[in-house]
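Only one chain is shown below, in structure tokens, and it's the form predicted alone.
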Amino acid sequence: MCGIVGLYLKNKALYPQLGELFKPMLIEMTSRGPDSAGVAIYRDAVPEGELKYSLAHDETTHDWAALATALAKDLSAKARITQCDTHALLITDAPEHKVQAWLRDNATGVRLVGSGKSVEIYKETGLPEEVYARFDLASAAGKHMIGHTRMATESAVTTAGSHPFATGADLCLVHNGSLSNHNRLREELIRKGVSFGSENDSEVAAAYLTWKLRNGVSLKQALEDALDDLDGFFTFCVGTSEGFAVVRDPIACKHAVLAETDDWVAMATEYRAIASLPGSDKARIWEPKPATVYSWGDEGMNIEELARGAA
């Protein structure tokens, strides 16, 4: 039992309030996930030729400045880094595959949490309110966020096993449910060159979607394919640089609710996580249908319902 939440702001005037608006949504899901919490926030896209890397280390005393200096020297690249508690945001113009290989070979104890042009990921063990405060997320400005509160049922309570999960390309996933074929799918993806940082089944789902995107498949098609390729019970909220998408498995036994106003779109495991948003009393509220993709973003995707098998 976990809690997932997502908020996409349609009104640009609300961008400075994103972190403040999102905070009560995440905290309201504490009863569904007191073990750990995390968010992905989309903001401040870097210039062409650069990428952001969300990194984490168990110790707040880790020397991030030395890491950035060494990486820049070894890869003949520009690099700058900013620490936030146990996490750090690295921005560099080095090729992505070289950065990943360098971190793997030279940065002992450092975890690559996610990467992309605009995504930043922060997650830790502990109560959601405490995690949110550690990373000063209430002051965050941006366009959209997705988040997760975890009650560990199938793996240890660790930062690496916490949500969100991201495997590159600005894609990030939070998941309520359990996959039954993740071990087989993990083996298939490893053979295709995908690497993993935890044993969590949700990371497999994120890696599957990222692999699809990197092979030229659209997000909506990747999510529709996931309905055939992923076995189990799930509600996914998937963030991208453009917005977010929501999909439930064909049985749809895991809770989910969507709401929309002229100013925002929100999703949550339960409505009480949405009730704090301004105008929620006048929002259009509905339960997402099984095996249906709902998505929002910058390219006219507003309330796009893609029923399986539709023309």
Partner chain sequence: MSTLDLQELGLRKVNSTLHNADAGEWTVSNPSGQHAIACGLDKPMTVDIQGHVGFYCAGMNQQADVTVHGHAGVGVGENMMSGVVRVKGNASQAAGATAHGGLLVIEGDASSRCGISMKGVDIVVGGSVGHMSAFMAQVGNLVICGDAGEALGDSIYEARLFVAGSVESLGADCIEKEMTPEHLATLTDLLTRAGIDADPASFRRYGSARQLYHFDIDKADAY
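Here the structure is a predicted model, which means the values were calculated and not measured. Positions refer to the first chain, counted from 1.
Separately, the form predicted together with its partner chain exists; it is not shown, and the next lines address it.
Contact annotation: of the candidates Ala283, Leu277, Ile41, Val265, the single residue with a non-hydrogen atom within 4.5 angstroms of its partner chain in the predicted complex is Ala283.
In the predicted complex, no heavy atom of Trp64 sits within 4.5 Å of its partner chain. None of the heavy atoms of Gly19 is located within 4.5 Å of its partner chain in the predicted complex.
By the criterion of a heavy atom within 4.5 Å, His255 is counted among the residues contacting its partner chain in the predicted complex.
Its partner chain in the predicted complex is not approached by Lys52, whose heavy atoms all lie more than 4.5 angstroms from it. If you check its partner chain in the predicted complex, you find a heavy atom from every one of Arg248, Glu287 and Pro290 within 4.5 Å. Per the 4.5 Å heavy atom criterion, its partner chain in the predicted complex is contacted by stretch 266-274, the sole one of 33-41, 64-72, 238-246, 266-274.
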